[in-house]
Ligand code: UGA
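As a starting point, one isolated chain is supplied in structure tokens, in the form predicted on its own.
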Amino acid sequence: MLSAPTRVVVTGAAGFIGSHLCERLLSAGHEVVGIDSFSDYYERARKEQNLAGARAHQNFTLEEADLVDGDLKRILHGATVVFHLAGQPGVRPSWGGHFDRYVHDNIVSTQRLLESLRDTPVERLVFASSSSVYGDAEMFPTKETALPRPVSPYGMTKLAAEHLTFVYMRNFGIPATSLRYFTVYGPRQRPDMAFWRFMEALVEEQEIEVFGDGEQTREFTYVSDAVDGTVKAASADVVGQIINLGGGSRVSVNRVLDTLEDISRIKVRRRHLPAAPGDPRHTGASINLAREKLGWEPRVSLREGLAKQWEWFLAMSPKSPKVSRT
């Protein structure tokens, strides 16, 4: 683990995982500088809510800046570790006319950050990549050595950013590690993500839209587990390595809905839609490297994690009084 106290920078600090990471680092005694551009991918008010806990801490500073044209050398000055979580998320919106946004936020912004780190020595850069780089992998669980074959523009841009990170490591000595997150969920999850949409439909007594037959599987990772692995990667002997962070088992979307129905005590009504382009049929992580190199193990089961996210969702949903909480 990181030695305390130290100065760390978190890009994408107002996001789902980034805000949890900031709080974890602050609770460990670190000085945290958060960077966020508050892009319009979803409403700013939600991101402000995400940051409420961090902003209440005296050791937190927020820099509202775009990594492409922000004064990064000033912001990064004195930092020991940089956690790079900023980026444009979402597989489905990455097709068509939005692609330039993905290039800007995932590739160009990473290159600008790396350029700034050439002149600002840090002990570690931890880059948040995605299981989307694997695409339709040939084997499960998928090891880090598997050939990346993205099936979406989003996955392609995350892979390009990964490659950029290691290009700068090889040429300029930036001590980088890349983490491939597998479908992170939990409180503060983005509104476009599946579990949020499922819960919103339940609260509003609407049908839940399921892309495809629902038998597609995902490796779901609870946010506190993802954050724990991210913090451990900042000090472990993993420079130059790619590491999977996954929840420990593959689960079908149908099983998720059955579990959510049991937790919420609300009957799930499914409406099946055609499978979405760019969505891999299955994802599954081999986490042996994370166990070996980080001393990391996912601790939160899917049922436990879903119950925590459901409780959070009810607390922040204006329509939740109609729903049983027992």
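We number the residues from 1 along the sequence you see. Worth saying up front: this structure is predicted, and the values here are computed from it rather than measured.
What comes next is about the form predicted in complex with this ligand, which is not displayed.
Within 4.5 Å, heavy atoms only, which of P187, G90, P153, P148 is in contact with this ligand in the predicted complex?
That would be G90.
Give me the residue from R197, R112, R124, R101 that has a heavy atom within 4.5 Å of this ligand in the predicted complex.
In short, R197.
Should E261 be classed as touching this ligand in the predicted complex when contacts are defined as heavy atoms within 4.5 Å?
No, E261 stays farther than 4.5 Å from this ligand in the predicted complex.
Given that this ligand is not shown alongside this chain, does F211 nevertheless sit within 4.5 Å of it in the predicted complex, heavy atom to heavy atom?
Yes, F211 is a contact residue.
I'd like to know if V167 sits close to this ligand in the predicted complex, meaning any non-hydrogen atom pair within 4.5 angstroms.
No, V167 is distant from the partner.
How about D279 - does it come within 4.5 Å of this ligand in the predicted complex, if we only consider non-hydrogen atoms?
D279 belongs to the contact set for this ligand.
With the partner removed from view, which of 159 to 167, 235 to 243, 72 to 80, 216 to 224 is the stretch that lies within 4.5 Å of this ligand in the predicted complex, judged by heavy atom distances?
The contacting stretch is 216 to 224.
Within 4.5 Å of this ligand in the predicted complex - does that hold for a heavy atom of every one of S130, F182 and V253?
So, yes: the whole triplet contacts this ligand.
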